[in-house]
Structure formats: C-alpha cells, structure tokens
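Read the single chain below, which is given as structure tokens and is the form predicted alone.
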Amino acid sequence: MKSYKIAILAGDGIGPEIMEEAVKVLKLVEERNDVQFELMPAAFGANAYFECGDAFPEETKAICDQADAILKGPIGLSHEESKKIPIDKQPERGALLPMRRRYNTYANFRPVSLPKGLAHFSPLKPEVIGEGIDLIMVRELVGGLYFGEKEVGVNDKGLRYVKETLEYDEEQIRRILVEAFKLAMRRKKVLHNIHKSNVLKSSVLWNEIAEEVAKDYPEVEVKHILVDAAATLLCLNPGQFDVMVMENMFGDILSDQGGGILGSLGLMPSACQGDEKSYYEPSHGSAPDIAGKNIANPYSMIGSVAMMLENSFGMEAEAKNVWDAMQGVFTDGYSTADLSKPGSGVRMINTTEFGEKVLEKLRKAPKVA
C-alpha cells in the first residue's frame, strides 16, 4: 500500500468549511484505492498570526517540510480586519509568499473549465461559450514584481514614494516555459505566449527565451499575444485558447479574469508546483463575508484535491472520477448560494450538502484497477 503525508492548511474565512469537505473526499479515496493518507493539520494565515504572532509558524513549516504535498485553503481577512495585523505579517506577505519561496513552487497551473452543460454559470453568451471552455493558464509564481526588491520612503522633495523591482533571469523564465510546452504537447499542441514586449524589457527577454525553448518542441504551435489583447479575447472568444503561459503578475490578473468568464473563482482550483514539493489551493479568496454560513461551494477545494491526486500521486483515473463527481452535482441541477441566485433554475443546497452529493457520486464511480 502506498502512503502519503499531506499537510492540511485550512486557512481563514470559508477555508475550514470547504476544507472539511475536501478531507471527506480524501478519506473516501483511501477507501476506494490501495493508498493511505496521513493528514497533518497546521495553522496558516491570519488564524495562525492571531494564535502565535506568525502567519507561517515554525511548527507549520516543519509539518510542510515533512509532507509529500500540501493542501491549502484560502487565506486573508476583510480590509478592516487586516489592519489588525502589521503589513509585513499579513497572510499574503507573511505566509503565502514565504511558502512559495521556501518550496520554490514556480509553476502555477489554473484550469479554466466549463463544460457546455454548465454554461449557465457564465456571464458570457451561449454563442461565445460554444461547446464549452477548456483552457489552462500556466503562471510563473516566484519571480517578477511580486518578489523583487521593495523600497518605500520620502524623497528629497518631501514626497512619499514606493519603488518595486520587476526582475527575472533566463533560468526562471526558461523553466516555466518548459512546463508550458510540455503541457501543450499533452493537450492540443497550441501554446499562447502572453507578454507585453511593446513596453516591458522583461517581456522582450521572455519572448527571446520562448523562441529558444520552442526549438525543442517543433510540434507545438506558438502564438504570441499581448496581455491586454489576451484579456479582451478571453471574453470575446475563449475557445481559441488551450494553454496560456505568462509571468507572475499577468497570471494573477488573467486567472482571476478566467474565474470571471466561468462565473466565479469558486470554480477554479489550482496547483502550485516545484521540483520537490507542490501545494494545491482554490484560486479564490477567503470570502470572510460568508464565512460560517455554510453556503460556500467546495468545488475549487475538492478540485484542488483532484489536481493533487493526479499531479503529486499519479492517481489520474481517480482524479477524473472526482472531477466527474463534482461536475455531476451541477449537471443534476444543484448549486450553492454563493454561485447561483434564487430564481436561476437550480436547486439550492449548502456547503455540506454539496460535499455529500460529491461523495455519493464518487462512491458509484468505477473502481480504479
């Protein structure tokens, strides 16, 4: 029997609620397969800061170091609550970015997937969605503006200023492009390279390296597109995209737009992978305004489990069963209040009920040989 250690970081806001449903799925996967998961809960984010003064405590680091993979819930607080934590210790700066640095999780994969049968979730017209949306955004995650040197102060004119550095070296760019090309080879062999080379020198270097890497993947058709044009076309014709690769900030913005064309970031799980360790998380935030109401949809959290099963543990068939189970609940006409409004023609259920329906379908899924 194979055995894996998984760090469970429930996070803030709705994190514990949706993580509870994800853990239930993991336990059912154990029952259905010759596998054992050792789940290791740990504090992470604002809850950890209020408990011990550190959003990424040493105890949590030790647990994550031991883990074969990390399953992370959303973190963060409302704007007003965030003011109770010093800026550099707030969850994003004090926990998330340090975790990315610690495990060098440079490759972020965010699937933007909406089968035709679920097109009612999207604000886009049916004729725009066509046969459905199925693309993956590949985002560089540990470089660029977010990780560059930062300086704040008062200049010689007495004006407050801020300076943040956008920095990449060719190895950082090359390794994320290689991941994107490999993914494109497994899919439709089309890669959209997203850049802003008409303004940014960093994009000029990015594109030079993209052309170099492309020589190793002659079967992949590379399409270069400016980031602002890509944002427009995601709304006008998302079906033209399959694999999109981009630097850190572009990826942050466009992947949120990806959630927008689906109808919610609640439909977007993600994988953040390094050479030695990966973590999996919903793309959305902690939604403190609905925390504790049992109305948050656990789709993206359970979808992150599916991505972990496939990418970290090689359980592709069972991962597909999990995806099919989740989408099957929607297909049956159910939704949660955070994703659908009353009168939209769907039957409203709560967080726990959605999770239970996923489990029901997964129990009926074909056993993996």
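All residue numbers are counted from 1 along the displayed sequence. These figures come from a predicted structure and were not determined experimentally.
This protein has a second form, the form predicted in complex with ligand IPM, left out of what is shown; the following refers to that one.
Picking from 208-216, 222-230, 276-284, 180-188 the stretch near ligand IPM in the predicted bound form, with a 4.5 Å limit on heavy atoms, gives 276-284. In the predicted bound form, at least one heavy atom of R110 sits within 4.5 Å of ligand IPM. In the predicted bound form, ligand IPM sits within 4.5 Å of a heavy atom belonging to R100. Ligand IPM is not shown here, but in the predicted bound form it comes within 4.5 Å of a heavy atom of D252. Contact annotation for D134: none of its heavy atoms lies within 4.5 Å of ligand IPM in the predicted bound form.
Using a 4.5 angstroms heavy atom cutoff to ligand IPM in the predicted bound form, none of L9, F56 and E59 count as contacting. Among the residues M268, L96, L71, L77, the one placing a heavy atom within 4.5 Å of ligand IPM in the predicted bound form is L96. Residues in 120-134 all lack a heavy atom within 4.5 Å of ligand IPM in the predicted bound form.
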